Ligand code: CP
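Read the single chain below, which is given as structure tokens and is the form predicted alone.
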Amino acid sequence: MQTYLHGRDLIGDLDFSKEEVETVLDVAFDLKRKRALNEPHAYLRDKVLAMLFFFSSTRTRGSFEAGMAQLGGHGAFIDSNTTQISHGDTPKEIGEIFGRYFDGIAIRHCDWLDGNKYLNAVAQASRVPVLNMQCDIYHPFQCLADLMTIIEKKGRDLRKKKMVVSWAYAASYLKPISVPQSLILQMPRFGMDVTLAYPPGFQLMPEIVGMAEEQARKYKTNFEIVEAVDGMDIAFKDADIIYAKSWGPLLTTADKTEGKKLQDSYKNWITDERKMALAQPDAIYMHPLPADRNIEVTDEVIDGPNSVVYDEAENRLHAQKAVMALTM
């Protein structure tokens, strides 16, 4: 167990070593047990977390706010639109000032090419930990909850388990690419063979793909990319874990109209019972939610026996509490 995480930022998935992630998971499982048994665990009594949102949420706000309360502290919700950020407060000023008011600063900022830069600028000026509630590049807390869920369902020995991270069609806005990028970075470290699938035009950042390939080499796992019109069918074959969600073609075009036109070219990229049947019989279906029902995934799959989406959502609470307890 690693015991020197106090004061550390968590902005990118590789900010914590594999051993440090294992420590987070150990603590998360312990906190989940304590909550189930109604055991008090006020490790952050009198601590306050600033929760700065540039991008709205359901699970992120709820889980961080509840988590801080269960740890004995308080989560202060701050909407960027209700602050002076739009009138001149810089990331340096937010880091300097919030770092003096609060014991931690959590930020959700998903604007393409802006979010991650903003978080790092705040962290550079802050004397307290900065936690990434999702940016344009990474979503580390979702990934930790996903890993926790996979371990619960598939055991701790994940070597040679095939995980598919697939694009799926969604009719709504062009979603960030941070979830698939975090997954391909983290999961190879824990022994999984990762297949990334998407139609032409939906590639991820080359530097992130390069880092994922490096992690796969280091931990002697397989990482492959299937970029094809029928890539979903190809990737799903014999998979143990299916993680299929939409993301925008941001490296092809950041124009919303052009992106939507490209996205609408692949409406057949839906997770349905036929595609799930290509995977292993006990394959689990994962999604960070919210899902575009019967567009991104059918009701039969997301509400079916292979779906673990609600356990996955619950584990956001426990994984986040673990990181907050260890860093704050």
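For clarity, every value in this text was computed on a predicted model and none was experimentally measured. Each residue number is its position in the shown sequence, starting from 1.
Quick note: we don't show the form predicted in complex with this ligand, though the next part is all about it.
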In terms of non-hydrogen atoms within 4.5 angstroms, which of the given stretches 267-275, 295-303, 23-31, 282-290 touches this ligand in the predicted bound form? 282-290
Proximity of Q142 to this ligand in the predicted bound form, heavy atoms at 4.5 Å: yes
Under a 4.5 Å heavy atom criterion, is T60 part of the interface with this ligand in the predicted bound form? yes
Is S56 one of the residues lying within 4.5 Å of this ligand in the predicted bound form, judged by heavy atom distances? yes
With a 4.5 Å heavy atom cut-off, would you call H318 a contact of this ligand in the predicted bound form? no
Give, in sequence order, every residue of 178-197 that has a heavy atom within 4.5 Å of this ligand in the predicted bound form, or say none if there are no such residues. none
